[in-house]
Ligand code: 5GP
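We begin with a single chain expressed as structure tokens, specifically the form predicted alone.
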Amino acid sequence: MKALEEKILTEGTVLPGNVLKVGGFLNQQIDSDFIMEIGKEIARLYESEHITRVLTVESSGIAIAVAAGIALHVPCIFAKKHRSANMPREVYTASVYSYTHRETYEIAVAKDYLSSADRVLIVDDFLANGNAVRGLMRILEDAGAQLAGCAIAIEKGFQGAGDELRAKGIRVESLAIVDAMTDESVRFRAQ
């Protein structure tokens, strides 16, 4: 998605440790119109896949997942990182290590929200090491739900998780794939 690449170049910042900061439009302050365009593009890519649910992990992926869910006309579910008083006892869980926060979370989705009848699209803002996607895939497997694919806004191609998932036959559609980053530049993979 050329518009996303341009936005990354004009509004993104590379921080030490291969961190790409896009908080000004994607995950802290959200450019609402642009998020809806991302959702429409994800829906276009997966329109023939008979998606019944969109699944993400809180919190940065929620806006993109909701936009995709709206465009696909299906519910959006997000895995919670922390158990709350209003979460049911019956949940699917998986442990996920967050590279950004350097913390392991036990993500959870209420069993009421997923079933073996579901065909699910995983959506997230970033794909780097693939831990969040793998955790969500474990939850889908436990639920007996079918994985339709993964839609990612920004993939850090140089970290290899997207290519690893594709090699296993999993459909991964990333709207922008960053092949290299320095303090001065971001280089995208030709798609």
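Residue positions are given as counts along the sequence shown, with the first one as 1. Fair warning: this is a prediction, and the values are worked out from it, not measured in the lab.
Beyond what is shown, the protein has a form predicted together with the named molecule; the following relates to that form.
The partner is absent here; in the predicted complex, the one residue of Ala128, Ile64, Cys150, Ile139 having a heavy atom within 4.5 Å of the named molecule is Ala128.
Scanning Tyr92, Tyr99, Tyr113, Phe78 against the named molecule in the predicted complex with a 4.5 Å heavy atom cut-off leaves one residue, Tyr99. The named molecule in the predicted complex comes within 4.5 Å of a heavy atom belonging to Ala132.
Mapping the unseen interface onto this chain, Arg53 falls outside it, with no heavy atom inside 4.5 Å of the named molecule in the predicted complex. Heavy atoms of Val19 reach within 4.5 Å of the named molecule in the predicted complex, making it an interface residue. Across the options 66 to 74, 120 to 128, 29 to 37, 42 to 50, residues that bring heavy atoms within 4.5 Å of the named molecule in the predicted complex belong to 120 to 128. Residues of 54 to 70 placing a heavy atom within 4.5 Å of the named molecule in the predicted complex: Ser60 alone.
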